[in-house]
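Listed next as C-alpha cells is one chain, alone, in the form predicted alone.
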Amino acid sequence: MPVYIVTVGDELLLGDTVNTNAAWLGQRLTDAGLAVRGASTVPDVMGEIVEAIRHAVQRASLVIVTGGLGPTHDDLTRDAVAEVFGKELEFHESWFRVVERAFASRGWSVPEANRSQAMVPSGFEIMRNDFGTAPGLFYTHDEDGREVDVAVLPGVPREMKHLVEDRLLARLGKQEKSVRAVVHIGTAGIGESHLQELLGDLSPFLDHGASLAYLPSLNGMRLRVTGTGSSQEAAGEQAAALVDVIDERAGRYVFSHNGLTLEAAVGQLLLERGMTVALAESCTGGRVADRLTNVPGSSEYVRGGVVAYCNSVKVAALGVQEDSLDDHGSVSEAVAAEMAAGVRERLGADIGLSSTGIMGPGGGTREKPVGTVWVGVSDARGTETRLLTLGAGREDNKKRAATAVLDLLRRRLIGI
C-alpha cells in the first residue's frame, strides 16, 4: 500500500530540530512491507497543513501526519485535519480525564490550554498515547470510492514511535503488504560512479521487482538490495540473485553482506586469522584506532597505536629515519612504509598500519597539494604503501583516509 508522510513544525524547516520522525517512519514502514511514496514538511500555518494533507490523501492509501497536536497557539494540526475532512471538533471527556490524571500524578492541575488536546474531529478514533497528553487519531476516509487510512500522531518522537508500533501497525493488518527481503552490502575502495560502471546492466533483475540503492558515505559505499515477493522465500530468492551478480562483478570491493561496518568486518578477519594489528597515525590523528576499538572484543586483536603528529615523534617512537624525512618529507611513501614497519616491530603486532598526509586547509604545495595522503601496511611478507589523492576538506579527508587504511588492511588480510 502506498504511504505518504506529512511532518508539521516550523522548527523542522528552520533546522532547530532534526526531522528524525520522517526518517524513522520511512524505515519502519518499509520494514513492515509498506511502500513510502512521498513525504513533505510544512510550517505551523493552517493553509499549508491543509494543502499538504489534501495532496497526500490524493496519492496514498495511508497518510501519516505528525506534529502540531500540542496545547499552544501554533499547534494547528487537529484544526487542519477537521477542515480537510469536513468534520467538527468534539470535546472528548474521557480523554480529558486521562490528561487530568497525567497532570495529577505530578501534583499539577490541568492548564486551560490543554483542554484543546481533548478536541477530536468527529468520526475519528482515539489511539491511546501512554507517554503523553496528545492522543493519536485514526480515520478511514472515502476518497472517490477509494479507502484512505489517516493517522494523526504527536510529533514527540517517543510518543510517535509508541503509537506506530503499539497502535497503528496492528490496525493495518487488513491492508495488502508486500513481503520484502533486504540485504545491506558494504563496499570500500571504490566510488559510486565507478561502482555503478563496474556493475553494468542490472535491468534483468531490476525490471522484475528487485531494487538497488547506492548509499554513499565517507566510511565507504553501502548498497541496499531489496527483493519483493508474495512470500519471504520468493523475496529472498530475488534479492539473492542480485547479490550474487554484485559479488561476481565487484566482489573485490565487498566486505560484508549483513550490515557490518568496515572496522567490524576487518576485526572478524583478524580474529579468524589469529592476528594482531598496531597503528601509526599522523594525519588521521587516531581515527583508525578509534574505529577499530569501537568494535566490542577488539582487545583481542588491537595491540595499540601511536599518534605521531610531529617528525620528532615519528623518529623517536616509530624509528623513522631522519634521512627519509629530510630527503622525501613527512608525507611520502618512504615515511609511510617506515611508520608501518616501525609500529609493527615496536608494539609486537603481526600487522602495522600507517597514515601520513596533508589534511588542509593549509600546508599544501604544488607537488603535494592538500589531500595528498600516503598509507601503509606491513607484515611478515613485507611492506606495501598506497597514495591517496583526496579533497580539500580537513574533516572529510581524515574520515576518507581512515577508511582507506582499514580497506588496505582488509585487502592485505584476504590477499588482494
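Nothing here was measured: the structure is a model prediction, and the numbers come from that model. Numbers follow the displayed sequence, beginning with 1.
There is another form of the same protein, the form predicted together with a further copy of the same chain; it is not shown, and what comes next is about it.
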| task | Given that the partner is absent here, state which listed stretch (327-335, 190-198, 248-256, 262-270) has heavy atoms within 4.5 Å of a further copy of the same chain in the predicted bound form. | result | 190-198
| query | Does each of 30, 294 and 304 have at least one heavy atom within 4.5 Å of a further copy of the same chain in the predicted bound form? | reply | yes
| said: Using a 4.5 angstroms cut-off on non-hydrogen atoms, would residue 152 count as touching a further copy of the same chain in the predicted bound form? | reply: no
| query | With a 4.5 Å heavy atom cut-off, would you call residue 54 a contact of a further copy of the same chain in the predicted bound form? | reply | no
| Is the gap between residue 298 and a further copy of the same chain in the predicted bound form 4.5 Å or less for some heavy atom pair? | yes
| task | May I ask you to state whether residue 143 is within 4.5 Å of a further copy of the same chain in the predicted bound form, using heavy atom distances? | result | no
| Taking a further copy of the same chain in the predicted bound form as the reference, which of 229, 123, 319, 286 has a non-hydrogen atom within 4.5 Å? | 286
| Looking at 358, 62, 36, 351, which is the one with a non-hydrogen atom within 4.5 Å of a further copy of the same chain in the predicted bound form? | 36
| note | Those residues of 373-402 with a non-hydrogen atom no more than 4.5 Å from a further copy of the same chain in the predicted bound form are 389, 390, 391, 392, 393, 394, 395, 396, 398, 400
